[in-house]
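Shown next as structure tokens: one chain only, the form predicted on its own.
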Amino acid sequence: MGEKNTLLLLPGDGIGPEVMSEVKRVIDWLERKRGVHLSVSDDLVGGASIDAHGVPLTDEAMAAAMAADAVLLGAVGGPKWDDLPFAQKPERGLLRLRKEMALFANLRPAVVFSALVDASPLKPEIVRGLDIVIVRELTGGVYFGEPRGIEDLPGGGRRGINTQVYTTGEIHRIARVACELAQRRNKRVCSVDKANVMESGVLWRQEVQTVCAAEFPEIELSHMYADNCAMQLIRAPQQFDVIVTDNLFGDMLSDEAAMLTGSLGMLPSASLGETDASGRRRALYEPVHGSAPDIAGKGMANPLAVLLSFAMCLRYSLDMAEIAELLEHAVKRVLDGGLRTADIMQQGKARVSTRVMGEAIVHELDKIAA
């Protein structure tokens, strides 16, 4: 397939190395059976990097991430490192990756597989067939705005300050990501804000409208207040296709949407940077679940979220949409066949280990590709 794509694997902590091993199994299958040649390297991040190098991410690992076509991360953190100063905690490695790679767009799909409809806390008729994506602005808004801090007040008491701020450029680039994604799906985007009470929300709504009207006239754009969107995600989530929103609301709404599927162990994500002159876009892919130190090393972790994150990597960074669909179809068939890890276990199904689930995916790939 010509020049190799470069992929950096950062297994990280807790269950990260276990689930990443199943990605490596699929990568080996792709090379053996489909002639997909990836240049794959490994490095450390989080607590694993602290233990080996004294820092949550080395400069060398950061340089490798900057040079790679894509980065796939497992998980970071755990109680072993809880007593470290804030600036030295494992999570700072992930935050450094996001910052230096300028990953401003977080894509969080919420897909309910037909075999897992009963795992959702909502009624089956509400979530059956659900397939939505939340596009969250990741590097602006109230989490990064200035001024910020805690100050003493004259006469006693204190005041906490955080500033919600967005610029035209920040809004335009996240709106473009949402519209480009919608073009590959059902051509519908819902922009979420609080324009009724926040000036930054007024600007957000106006600028998203400007981008869609000028550059994506084929996209059906709607607007919704964030509190209403939170309600509608529970009431009637099927009305959405792509939701685009700011950092704060995206943080909350994506977690809410995640629970529609029933398990964090099934949820992938992608964080994307801007496209450069060559069309290349830096990207970091990771499962939504954390390091789950309580089950680390027990073979109980669900590898499907990281495998679905790898599928997103194939689609958005490596230009292999057909192979991404192949992997996603294998996941669906394994679930339809009744195999379950502990987090998605259902009565009458077969509980399997992390390794057996990964082997089952490869077995299904063999059957699909035969």
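So that there is no doubt, residue numbering starts at 1 and follows the sequence shown. Keep in mind the model is a prediction, meaning the values are calculated, not measured.
Beyond what is shown, the protein has a form predicted together with a small molecule; the following relates to that form.
*Asks:* Using heavy atoms and a 4.5 Å cut-off, decide whether L130, P237 and E256 all contact the small molecule in the predicted complex.
*Replies:* Answer is no for this spot.
*Asks:* Using the partner position in the predicted complex, report whether G77 sits within 4.5 Å of the small molecule, counting heavy atoms only.
*Replies:* G77: contacts the small molecule in the predicted complex.
*Asks:* Counting only non-hydrogen atoms and a 4.5 angstroms cut-off, does S49 reach the small molecule in the predicted complex?
*Replies:* Judged by the heavy-atom cut-off of 4.5 Å, S49 is well away from the small molecule in the predicted complex.
*Asks:* Since only the chain is shown here, I'm wondering whether S291 would be in contact with the small molecule in the predicted complex (any heavy atom pair within 4.5 Å).
*Replies:* Answer yes; at least one heavy atom of S291 falls within 4.5 Å of the small molecule in the predicted complex.
*Asks:* Considering only heavy atoms, tell me if C212 and the small molecule come within 4.5 Å of each other in the predicted complex.
*Replies:* Contact check for C212: no, nothing within 4.5 Å of the small molecule in the predicted complex.
*Asks:* Considering non-hydrogen atoms and a 4.5 Å limit, which listed residue (D241, E180, E91, E207) is close to the small molecule in the predicted complex?
*Replies:* Answer to the contact question: E91.
*Asks:* Can you pick the one in G265, G141, G250, P109 that has a heavy atom within 4.5 Å of the small molecule in the predicted complex?
*Replies:* Contact with the small molecule in the predicted complex is made by G265 alone.
*Asks:* To test your reading of this chain, name the stretch in 283-291, 220-228, 160-168, 187-195 whose heavy atoms come within 4.5 Å of the small molecule in the predicted complex.
*Replies:* Residues of 283-291 come within 4.5 Å of the partner.
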